[in-house]
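Given as structure tokens, the chain that follows is alone and in the form predicted alone.
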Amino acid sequence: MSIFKKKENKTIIAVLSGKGGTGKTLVSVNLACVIPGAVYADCDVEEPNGHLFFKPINLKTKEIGILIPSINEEKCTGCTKCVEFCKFNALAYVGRVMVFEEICHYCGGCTIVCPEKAITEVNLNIGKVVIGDSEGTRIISGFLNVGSVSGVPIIKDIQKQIKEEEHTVIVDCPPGSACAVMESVQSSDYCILVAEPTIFGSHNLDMVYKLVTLFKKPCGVILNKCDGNENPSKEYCIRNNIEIIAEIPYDSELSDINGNGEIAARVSQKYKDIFMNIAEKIPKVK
């Protein structure tokens, strides 16, 4: 019996990369397919791609919004206490109080400090979370609206969904190491770092490795697009004593499968075996 099936063995696995295009979603999608009963959670809300491969059905959508300040100019006396309070400069006084929605951190503090109670909070829709099914895999995807600045509230909602799941969850994190990535990995039990075999790839690997180390998360590395030549990312792993879970070779067949919007583990026995082997190497985290 797989160690991933029962609730008491539930593991949250975060898949990260220092940049886009390394194969993070490739790894996430295929792992979610080969682990029985797994859940795929796409926290890369600015550019969610997992649903393009899974093509989920039975969709349920939840709109996500944030509360931002709205000024009642009839009540406002121009005391500027709200402006002085906001350390993010989301409020400014230019004869009247202006609200800059794109940099508001929706803390609600301005509504509290306003002596005239001239500030209320109104909902601003920033995106959605869509849940569906794909051949036995549960799909949770976040979508940030075009023009919205921060996807963190959407990721927080996905994290709430993850806590309710009974089976192993594969979290497809945003690329890089910014706030959205930190929000995506904080509940994880194990992190997989995906890196390309280049000098640039090794620099990006260093960035995400330092992030998961900061969060004290156990991790391993998957080296993608390996072509048999010099591999600075592999050398980085060896120098830092980081486990290399797998080396996925550069393969035109895999490129064709991805280009057709298909999942390799579903259409190729070779890649099904590769990702099943990767799944077995992931430590059982209690």
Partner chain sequence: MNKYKKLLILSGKGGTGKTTVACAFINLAQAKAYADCDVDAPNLHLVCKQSQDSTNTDYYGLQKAHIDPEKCTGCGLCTKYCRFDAIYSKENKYFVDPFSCEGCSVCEFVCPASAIFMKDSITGEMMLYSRPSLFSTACLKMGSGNSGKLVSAVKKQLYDNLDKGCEIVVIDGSPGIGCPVIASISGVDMVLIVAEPSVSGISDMERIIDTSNRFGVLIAVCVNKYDTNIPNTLKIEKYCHNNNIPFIGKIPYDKMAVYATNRGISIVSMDCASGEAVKNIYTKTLEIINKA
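Computed from a predicted model, the values in this text were never measured in an experiment. Numbering follows the first chain given and starts at 1.
The protein also exists as the form predicted in complex with its partner chain; that form is not presented, and the subsequent description refers to it.
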Partner proximity in the predicted bound form: E121 to its partner chain, non-hydrogen atom cutoff 4.5 Å:
yes
Is there a heavy atom of N204 no more than 4.5 Å from a heavy atom of its partner chain in the predicted bound form?
yes
Should G108 be classed as touching its partner chain in the predicted bound form when contacts are defined as heavy atoms within 4.5 Å?
yes
Should L254 be classed as touching its partner chain in the predicted bound form when contacts are defined as heavy atoms within 4.5 Å?
no
Which is the contacting stretch out of 206-214, 70-78, 134-142, 165-173, given heavy atoms within 4.5 Å of its partner chain in the predicted bound form?
206-214
Of the residues P56, G220, P232, P48, which one places a heavy atom within 4.5 Å of its partner chain in the predicted bound form?
P232
Sequence-ordered list of residues in 59-90 near its partner chain in the predicted bound form, where near means a heavy atom within 4.5 Å
L67, F85, K87, F88
